[in-house]
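One chain follows as structure tokens, the form predicted alone.
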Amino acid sequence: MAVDPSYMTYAHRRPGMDHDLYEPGYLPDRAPVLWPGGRRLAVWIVPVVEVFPLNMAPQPLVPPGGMTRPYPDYWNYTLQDYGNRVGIYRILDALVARGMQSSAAVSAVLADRYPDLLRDLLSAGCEIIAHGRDMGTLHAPHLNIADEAAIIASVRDRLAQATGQAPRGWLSPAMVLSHETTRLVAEAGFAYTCDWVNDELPYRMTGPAKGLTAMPLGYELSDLRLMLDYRHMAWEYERQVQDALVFLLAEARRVNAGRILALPLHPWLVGTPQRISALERLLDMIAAEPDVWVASGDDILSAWEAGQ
């Protein structure tokens, strides 16, 4: 049955995707990449360190973990604050104890609201990814283009000032995007974006986002997705990550090409006493596998670019 002609009247309709931000691409057609030392699987660990304002508006949506009760919603606010006061330090301790690199996605206001935490992230060797201004500032179409561009530039500049180096990676708060966000991120000089979840390997953005690379921060293995959205127990989260690790290693060896396993971690979820042991066991499994390379997003991107 032919598609009704009205389906094609949408201004962005085109072969493959309804936008021009990347080209069609399929896994079997990718140029093979091997990671440093000939290892097959790059593991990218991303603690997500967010600031949720107490007075955040519920528009255009309430992000996961946001304020959902009548103002002042101290319950949700302190749940998030637990992650920044307690949970993140358990994650950092686990990573440092195993000598593992990571990339921390941080709200820019962390530099002003939690300066000691930002210092501790840097001391733990974290690459800093820009995660917007805060979780109350979403990049949805309600922003005009000039305001959105100014927010992205201010986030870049504040984190550069606080850390001594401009962030190369960008992750939008709640992964909410306007039509212009990816273009504006590219124009602000970022090297990669974590907002696109349609792959397990990097790929080049095109059109207005040319110069930017999409890095695969896989949402399906996020603790937020599995333990908050799907209501899985910590042991189920652990098992799913284990299964992904085993499968990706086997696939990479079979096709003689590298793969990436990304692990977004939310401190207020996986940093709790009843869940942190599951993460520690996962990190031990990762550390014991000689074919795994644990690296920052920037290092993974550089290695991938070198093989293209």
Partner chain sequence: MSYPVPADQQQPAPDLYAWNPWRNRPRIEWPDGKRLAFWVAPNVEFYELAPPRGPARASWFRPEPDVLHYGIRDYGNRVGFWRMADMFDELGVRASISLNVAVLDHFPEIGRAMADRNWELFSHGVYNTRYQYGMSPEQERAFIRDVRDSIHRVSGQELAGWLSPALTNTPETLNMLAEEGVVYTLDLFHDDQPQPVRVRSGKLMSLPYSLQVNDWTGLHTGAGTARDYARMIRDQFDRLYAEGETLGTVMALPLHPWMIGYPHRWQPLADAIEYILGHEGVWHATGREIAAHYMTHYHDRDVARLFGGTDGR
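Every value quoted in this text rests on a predicted model; they were computed, and no experiment measured them. Residue numbers count along the first chain shown, from 1. The term rigid core refers to the most C-alpha atoms you can superpose between the two forms while keeping them within 1.5 Å.
FYI, the form predicted together with its partner chain isn't displayed, but the following is about it.
Screening 149, 143, 95, 221 for any heavy atom within 4.5 Å of its partner chain in the predicted complex leaves a single hit, 221. Proximity to its partner chain in the predicted complex, defined as a heavy atom within 4.5 Å, singles out one entry of 123, 206, 198, 165, which is 198.
A residue is said to contact a partner when one of its heavy atoms sits within 4.5 Å of a partner heavy atom; residue 54 fails this definition for its partner chain in the predicted complex, lying far away.
Using a 4.5 angstroms threshold between heavy atoms, residue 17 counts as touching its partner chain in the predicted complex. By the criterion of a heavy atom within 4.5 Å, residue 76 is excluded from the residues contacting its partner chain in the predicted complex. Interface membership of residue 290, defined by any non-hydrogen atom within 4.5 Å of its partner chain in the predicted complex, is ruled out. Each of 27, 174 and 178 comes within 4.5 Å of its partner chain in the predicted complex, counting any heavy atom.
Annotated contact segment (heavy atom within 4.5 Å of its partner chain in the predicted complex): 58 to 66, selected among 279 to 287, 262 to 270, 43 to 51, 58 to 66. Contacts with its partner chain in the predicted complex, taken as any heavy atom within 4.5 Å, map to no residue of 90 to 119. Once you line up the core between the shown form and the other one, the Cα of residue 288 stays within less than 2 Å of where it was. Residue 24 is not among the residues whose C-alpha shifts by 2 Å or more between the shown form and the other one once the rigid core is aligned; its shift stays under 2 Å.
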